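First comes one chain, alone, set out as C-alpha cells in the form predicted alone.
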C-alpha cells in the first residue's frame, strides 16, 4: 500500500467539529455582550462583490480582498438579513453539536418553522455563503450539503467518522458503480491506497466506462466523476487525495470552453468560493480534451453557439487564462468555433479513449 506522505498532521473530524462549535459559540457570545453593553449587535461580513475578489498568484486561487460590510441591527434596512444570518448560525450550531446533516433545501424549509423569512431558496443559499465568509469555514463543515453528488472508484481504504459508523472501514473499489461523494466520504479518514494518481473525469458515462475497462488497475488510479462542474465536496476530496495521500491529480473534460473552465475551477477555485481555502489543487493538470486534440484526433464536432463564443471572450479577460496552454486552447476554440465531447472518441471504438488517448495523455502529463 502507498504510505501517506509526511505532511503536517491534519485535525481529526472531532477536533474540527469542536473547533467550529467553539467558533460559533464565540460569535454568539459577541452578540450577547453587545446587548449587555447596550450596543446594537452586528456582523462583519467580508464583501463578496466583484471588486473585492482578486486572483492571488502566490496561492494560485481567487481570494477575497480586505473590504467588509457591516450587518447591523442599528440599520433598519439590515435587520432582516441580520436576523437571517443569526438564525442560520443558530441552526448550524445545532447541526454541529448534534452531529446532524442538512441539505440546502432543508435549510430553506426549516427556516419557516422558526418564522424566519426567506423569499426563496436562492436567498437562503446566499445567506449560507455569508456565514461561510464570516466563519471562513465551508458549509460542509457546518454539516450542510447540496443535493448534487458525484462518485469515486478505486483502491482507497477509508475509515468512517459519521455517527453510527465510527471506525468502520470500506474500500472504494468494492462497489462497481463507485461510491457517492457525500457527507460520510467528506469527513472520513483516508487510510491507505495502492494508487499512484487521481483521474477526475467530467462525464458519468465515461466514469462507468473507465471502471469497466479497469482503468484503476491499468494505470494505478483512483477515478473521480465530477458530474460536470465539480461540487465542493468533490473538490475537497480531490484536494485531500493530493495533499494527504500525495497523489497527482489529472483532469479530463469535454473539448469545449466549459470543460476547460471545469478543469480550472478544480485547479484554482471559483470566484463564488473565494472566501474558502480548502477546495483547490493548484498542481492539478488538465489533460484535455483540448481544442488542439479536436484537429489532431479528427474528432466529430458540434458547432459552437453564440453563448459558447461569449464565454470564451469572457475567460480571455480572466487572469488565469493569460498565458500557456490555457490561453492557447481558448484561442484555438475561438478559431475553430467547434467543440467535441469526450464520447466523440467512440468513433474509433468504445475503448479507444482508454486504450489510446488516455495513455498518450498520461505520458504527456509527465512533461507538463
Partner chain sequence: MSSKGTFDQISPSEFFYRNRDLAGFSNPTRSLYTAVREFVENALDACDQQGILPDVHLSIKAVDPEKPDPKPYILSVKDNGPGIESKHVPLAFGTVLYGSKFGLKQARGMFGLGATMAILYGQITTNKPVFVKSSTDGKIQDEFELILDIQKNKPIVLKHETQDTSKTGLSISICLEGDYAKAGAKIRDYVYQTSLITPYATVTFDDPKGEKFRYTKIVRSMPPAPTIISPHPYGVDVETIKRMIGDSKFSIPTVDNNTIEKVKTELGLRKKDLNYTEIMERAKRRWSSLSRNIRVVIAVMSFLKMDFAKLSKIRIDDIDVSRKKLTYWDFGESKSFTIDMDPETDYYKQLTNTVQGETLVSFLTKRFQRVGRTTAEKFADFAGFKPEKRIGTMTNEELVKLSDSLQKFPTFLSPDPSCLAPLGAEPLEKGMKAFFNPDFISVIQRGASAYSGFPFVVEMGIAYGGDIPPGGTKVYRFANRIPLLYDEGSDVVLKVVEEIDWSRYKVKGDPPLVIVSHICSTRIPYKTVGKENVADRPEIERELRLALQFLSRKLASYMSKRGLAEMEKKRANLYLKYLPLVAQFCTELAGKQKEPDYKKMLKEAVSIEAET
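Numbering follows the first chain given and starts at 1. Nothing here was measured: the structure is a model prediction, and the numbers come from that model.
Quick note: we don't show the form predicted together with the partner chain, though the next part is all about it.
Note that among 203 to 211, 263 to 271, 67 to 75, 154 to 162, the stretch whose heavy atoms approach the partner chain to within 4.5 Å in the model of the complex is 67 to 75.
Here the marked residues 36, 80 and 94 all reach the partner chain in the model of the complex, each with a heavy atom within 4.5 angstroms. Residue 86 belongs to the set of residues with a heavy atom inside 4.5 Å of the partner chain in the model of the complex. Using a 4.5 angstroms limit between non-hydrogen atoms, residue 117 touches the partner chain in the model of the complex. Among residues of the shown chain, residue 25 is one whose heavy atoms approach the partner chain to within 4.5 Å in the model of the complex.
With a 4.5 Å cutoff on heavy atoms, residue 334 does not count as touching the partner chain in the model of the complex; it lies far away. Checked against the partner chain in the model of the complex, the residues 309, 31, 302, 63 give one hit for a heavy atom within 4.5 Å, which is 31. With the partner removed from view, the residue among 258, 90, 108, 219 that has a non-hydrogen atom within 4.5 Å of the partner chain in the model of the complex turns out to be 90.
Taking the partner chain as it sits in the model of the complex, the stretch 195 to 212 never comes within 4.5 angstroms of it through any non-hydrogen atom.
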